[in-house]
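Here you get one chain, nothing else, as structure tokens; it is the form predicted on its own.
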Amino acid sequence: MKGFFITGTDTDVGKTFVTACMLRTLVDKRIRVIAYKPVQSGAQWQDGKWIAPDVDVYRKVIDVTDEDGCTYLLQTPCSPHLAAKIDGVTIEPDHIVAHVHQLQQTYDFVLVEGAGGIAVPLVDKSFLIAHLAQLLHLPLIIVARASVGTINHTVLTVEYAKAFGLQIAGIIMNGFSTPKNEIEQENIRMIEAMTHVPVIGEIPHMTNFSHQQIVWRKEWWQ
């Protein structure tokens, strides 16, 4: 079974969009794949029920139910540990691991999307997104911005992941200008030089999803 744990250098860095891009690439290669969001905060009310907005993005590429695509759906739009407390829900990591194992029985490729960055508390200060990544034993893909400030955020995220002993498959940078400007080009060079982790994908800023514009610098699906 192949798969990745997808995290970001910050919230709203484009993890869900990048996950959808990865989904599209795998589907085009006729690989049985699913994307999975263990904990979704900020649920949205639609058609008489609460839905997971990130799973709704996955549905633009594949057919997936909220039940398959998410274990804990929380209404409050904040860090998972606080959203669970406010909503009166207890997050049990073992349930998430069991859900992933169930998906692994059905699909050839599972993309697990974390919440926010790798240091986000999932249960409390003693169980973070990084701890969940450890339990799942999946290589990490870090989603980073292409713009100014990304060097600091990305290097810190990589070093934090290494401190947890996590395997990092690569970095995908999101939101490039078309064409890339000098600052963005230097960001790629410096991040690779400082982290020794390859930038495996470049995704331009898009107003509408168009996977044809994505540049994969490495065949990460192999």
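Throughout, we count residues from 1 along the sequence that is shown. What you are looking at is a predicted structure, and each value in this text was computed from that prediction instead of being measured.
Omitted here: the form predicted in complex with a small molecule. The next part is about that form.
In the model of the complex, the residue from N174, N187, T157, S41 that sits within 4.5 Å of the small molecule by heavy atoms: By the 4.5 Å heavy-atom cutoff, the listed residue in contact is N174.
4.5 angstroms heavy atom contact with the small molecule in the model of the complex for M22: M22: no contact with the small molecule in the model of the complex.
Contact label in the model of the complex: I203 to the small molecule, heavy atom within 4.5 Å: Judged by the heavy-atom cut-off of 4.5 Å, I203 is in contact with the small molecule in the model of the complex.
Exercise: V199 in contact with the small molecule in the model of the complex, heavy atom 4.5 Å: Taking the distances in the model of the complex, the answer for V199 is no, it never comes within 4.5 Å of the small molecule.
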